[in-house]
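Form predicted alone, single chain, as structure tokens, below.
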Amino acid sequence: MDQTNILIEKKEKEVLVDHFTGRKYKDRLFLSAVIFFSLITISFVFLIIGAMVLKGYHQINWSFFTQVAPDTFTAMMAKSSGQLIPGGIVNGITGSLYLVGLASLIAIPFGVLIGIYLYENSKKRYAAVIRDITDVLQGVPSIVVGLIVYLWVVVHITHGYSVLAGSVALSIMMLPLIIRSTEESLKMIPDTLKEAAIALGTPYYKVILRVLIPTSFSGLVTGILLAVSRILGETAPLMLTTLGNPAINWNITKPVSAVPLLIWQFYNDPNMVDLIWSSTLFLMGFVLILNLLSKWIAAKRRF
């Protein structure tokens, strides 16, 4: 009898060992598959970045940041003689900063205020309607936003392409991301924190300005950054609202250029191909700097 029990226990142990061995083998197999497919996905990103760096770095120099885009004849003569294309994209850089800055001035206050309203009145029917409209607006193609702003602003307000029209289009595209990121960031704050501030007799507006917004600062910055990163590369709405400008312009009622618009113009000119890669590399680097800066600000604010 004892011998039979020993054999049964030994058999059970062998079954358990085989079971755990099989699980370990499946786990390792699955982990290897995940790593393999992750490397394949990441490799495409590195290939794209590598292609931009290799084809665009030689065109980036001091004149790239200080001179306006050259004309077709100048670029053709430079390429025929084997020289770098003279000129740069300073009109696009200043135009992009102008458009994004003005769009941020419009979208950030409205987006944060609406996000706070949705957080404080999350169960009301009107808040649900605003949330649904925000979700729908986030999925609207950029060309449709540009067309609507063209009919609203270009035709009836500025009576022509302008910085104002482009900024309005970009601010509309920024709003959904800022609104939802503000609401979600505020939801992460413990209710006890707000209740403690109210229990101390703090006015409601000070609770929002001194407690809620500073506590959710990291999430707010992330949402704003995502919104800015989205509009930096938009071309379609700018083609319908700002059109472009070969010179630097600071007049809000006049057309202005932008880096995405210049990339599109360079794409349509075979003599400007080298500037496409340089401009794209600059745009990617600019977005990367914004990401790093926002992380640094959030970290400093947290401490």
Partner chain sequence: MNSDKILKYVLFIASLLILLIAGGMIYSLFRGAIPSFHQFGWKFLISSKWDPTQGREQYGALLFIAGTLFTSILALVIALPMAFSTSLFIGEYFRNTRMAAIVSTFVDLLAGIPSIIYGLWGFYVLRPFIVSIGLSPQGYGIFTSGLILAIMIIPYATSLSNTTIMMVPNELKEAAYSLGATRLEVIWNVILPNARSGITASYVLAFGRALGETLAVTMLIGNANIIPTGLFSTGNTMASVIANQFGEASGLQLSSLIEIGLLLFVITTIINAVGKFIIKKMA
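Take the two forms, superpose them, and find the largest set of C-alpha atoms that agree within 1.5 Å; that set is the rigid core. Small disclaimer: the values here were computed from a predicted structure and weren't measured. Numbering follows the first chain given and starts at 1.
There is also a form predicted in complex with the partner chain; it is not shown, and the following applies to it.
Of the candidate stretches 73-81, 86-94, 216-224, 116-124, only 116-124 contains residues with a heavy atom within 4.5 Å of the partner chain in the predicted bound form. The closest non-hydrogen atom of L290 lies beyond 4.5 Å of the partner chain in the predicted bound form. By the criterion of a heavy atom within 4.5 Å, W264 is counted among the residues contacting the partner chain in the predicted bound form. Using a 4.5 angstroms threshold between heavy atoms, Y150 counts as touching the partner chain in the predicted bound form. The partner chain is not shown here, and in the predicted bound form it never comes within 4.5 Å of any heavy atom of F64. Contact check for I157, L164 and G244: none of the three has a heavy atom within 4.5 Å of the partner chain in the predicted bound form. Residues I172, L175, I179 are the members of 166-186 with a non-hydrogen atom no more than 4.5 angstroms from the partner chain in the predicted bound form.
The Cα shift for L39 between this form and the one not shown, taken after rigid core superposition, is 2 angstroms or larger. Core-superposed comparison between this form and the one not shown: the CA of L29 exceeds or equals a 2 Å shift. Once the rigid core is used as the reference frame, the Cα position of L281 differs between this form and the one not shown by less than 2 Å.
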